[in-house]
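This document opens with one chain alone, in C-alpha cells, the form predicted alone.
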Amino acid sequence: MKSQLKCVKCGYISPGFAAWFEQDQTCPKCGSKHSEAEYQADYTQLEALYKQGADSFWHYFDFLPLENRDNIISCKEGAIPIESWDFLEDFAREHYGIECRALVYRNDLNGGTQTFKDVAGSMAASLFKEHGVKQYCIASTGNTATAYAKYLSLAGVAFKVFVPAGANEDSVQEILGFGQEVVRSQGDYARAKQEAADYARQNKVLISAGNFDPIRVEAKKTMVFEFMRQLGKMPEVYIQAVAGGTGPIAIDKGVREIEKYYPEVVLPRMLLVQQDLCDPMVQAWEQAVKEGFPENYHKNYPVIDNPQTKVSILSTGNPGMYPVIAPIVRKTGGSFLRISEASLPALARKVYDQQGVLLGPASIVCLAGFYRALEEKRIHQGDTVLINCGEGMQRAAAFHKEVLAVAGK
C-alpha cells in the first residue's frame, strides 16, 4: 500500500483510503476528520519528473494515494502553464518602484470545468472508482460542486449537491447538465452545509470532509511540485482569494512533505484575499494583529450571516477553516487582505484589455489582492509573486455583462 492516513489530532493511523471511507472519513480514536496522507515514496525521484513535460497532476502518481493507474479519471488538469503578466510588473515598477516578477497560475486553463477545483474532482472520482464508492454529497457555493459533478459523472457516482439560496444559477444548471442532483437551501452556505450533513447521516452517504479533506489536499499539494517543475523554485509570495482555504493548507502540506529532501523548498509568504462584502477572515486577522496575536487568537473570528456579496463562490460567512489557516499565514509572514468588491468589473476589464482573458469574479478578487499587497508594502524588491486565479467567466454571466459594459482603453 502506497499511503496511510495519520490523524493530525491524535496520531491514529488509518491504513489507506479504503479504511478511511469505511470509517466515514473520521478518526475512530478521537473523532477528528483531519487526517493527512503519508507515503512510502522516494522523493528524490521528483527531480526527474521536473525535467519532463506534464499533462496533468497525475504526472506525480507515485506521490498520490491512488494505487492503480487504471482508475485515473482525468480531463488534463493541474499542469497548467504559469504565465508572466508584464502589465502587473510594469504597474509595480511605475507606481511603487518595486521590481518583481508577477506570475499568474490560470486555473481557467484546466481541462475539466476550468476551475481551481478540477484537480480535487479528478482525485475524488479516481479514488471512488478504485474503492467502489457509489454515492457522495457535498455543500458548495459553486465551483467545487461543478467540478465534482463532472468528474463523478465520469466515474458513475451519484452526486447530490446542497447549495445556498444565493448560488449562481449558471453553476446550478451546469451541475444538472452532468446528470447530478441539486438541492437549493432556503438559507446561506452554513444552512446548506447543515442540510448536507443531515442528509449524509440519515442516508449513510459519504460527504465531503471540508477544506482539509485529504482528497482535496493531496490533489492540490501538487501545486508545490508544479511550481518547482516550471519555475525551478518556490515563489516568495503566494496570493489567493479565499473562502475556505484548501489551497494554503495543501501548499503547507506539500512543502512539509518534501522539505527534508529539498531544503530549498520553503513556504511563500501567503497573502489571502477576501472582498469587503464577505471578509470574516480579514476581520479576525485585523483583530489579532491589533491585540498582538494573543493565545488562541486563531480561534476567534466573526460570523457573517447571509453575506450580501455578488461573488457567490466566495460567500462563506462562517470561516470554519480560519483556525487552521491563520497559523499557516502567520508562520509565513503573510497576511489577509481586503479588497473592494465594487472595483472588480473595472479590474476584470483591464485584464481583458491587457491579456485578452476574461476571468471570473473570484479570480479578479485574487488579482485585486496584488494591487492591495503593493499598497500595504507586502511585495518586496526582487520577489517572485505567484497569483493563483481560480476560475474563468463561463459561469458568471451577470459579471461578464458588467465587465464588458466598462469602457475599454
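Keep in mind that this is a model prediction, so the values were computed, not measured. Residue indices: 1-based, along the sequence shown.
The same protein also exists as the form predicted in complex with a small molecule; that form is not shown, yet it is the one meant from here on.
- Contact with the small molecule in the model of the complex, judged by any heavy atom within 4.5 Å, is made by just one of S126, T246, Q275, S171: T246.
- A single residue from the set A219, I313, I239, A147 has any heavy atom within 4.5 angstroms of the small molecule in the model of the complex; that residue is I313.
- The small molecule in the model of the complex comes within 4.5 Å of a heavy atom belonging to F116.
- Among residues of the shown chain, N110 is not one whose heavy atoms approach the small molecule to within 4.5 Å in the model of the complex.
- Only one segment in the set 291-299, 247-255, 326-334, 155-163 has any non-hydrogen atom within 4.5 angstroms of the small molecule in the model of the complex, and it is 247-255.
- In the model of the complex, every residue of the candidate spot (N143, N211 and G390) has a heavy atom lying within 4.5 Å of the small molecule.
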